[in-house]
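A single chain, nothing else alongside it, follows as structure tokens in the form predicted on its own.
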């Protein structure tokens, strides 16, 4: 039995629908799993599972060239994988709407996640990507709406960082 998605996932999905998102690219992530399920169930959206996050940057550029809007979903640990590909956005002025779940912050259990979690906002900014942060569930939909407008109306690259505190503490699960 599936839990119903949290209201922020439903609200963000509605924002993505209104923004005309037709493609979603992602590396599986627990923090975005319910939004990903909503996108999979949406007949207007083609979803693609990535083997690495940098593929999503190229696919977002391709979607734009093909006349479609897209969203890239990833975890902060994947931002470092995209640095070379982010140069494509700046060089060609492709828009990007990305949603990034943060790790290495609030009550992190995995020390491996801390370094990239701390570096993510600065790495994105250094690559010319506008960074918007969500610390409370009520901020998610309006922030994604603002990010989509900046991305697609102004040809900007925008990343919405979803804080670990908002998403909830992650823990090792043993079975």
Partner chain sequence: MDTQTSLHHANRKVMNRHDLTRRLVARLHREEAVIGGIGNTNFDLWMTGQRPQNFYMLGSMGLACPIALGVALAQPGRGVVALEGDGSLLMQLNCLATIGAIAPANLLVIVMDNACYQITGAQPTATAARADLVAIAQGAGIANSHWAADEAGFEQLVERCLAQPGPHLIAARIDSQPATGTTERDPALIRQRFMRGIAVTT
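If you're wondering where the values come from, they're calculated on a predicted model, not measured in any experiment. Numbering follows the first chain given and starts at 1.
Absent from the display: the form predicted together with the partner chain. The rest refers to it.
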{"query": "Residue among 131, 59, 45, 118 with a heavy atom within 4.5 Å of the partner chain in the model of the complex", "finding": "59"}
{"query": "Answer range among 59 to 67, 31 to 39, 118 to 126, 132 to 140 for contact with the partner chain, defined in the model of the complex as heavy atoms within 4.5 Å", "finding": "59 to 67"}
{"query": "Proximity of residue 55 to the partner chain in the model of the complex, heavy atoms at 4.5 Å", "finding": "yes"}
{"query": "Contact label in the model of the complex: residue 23 to the partner chain, heavy atom within 4.5 Å", "finding": "yes"}
{"query": "Triple contact flag 10, 18 and 154 to the partner chain in the model of the complex, non-hydrogen atom at 4.5 angstroms", "finding": "no"}
{"query": "Members of 66 to 88 lying within 4.5 angstroms of the partner chain, judged by heavy atom, in the model of the complex", "finding": "66, 67, 68, 84, 85, 87, 88"}
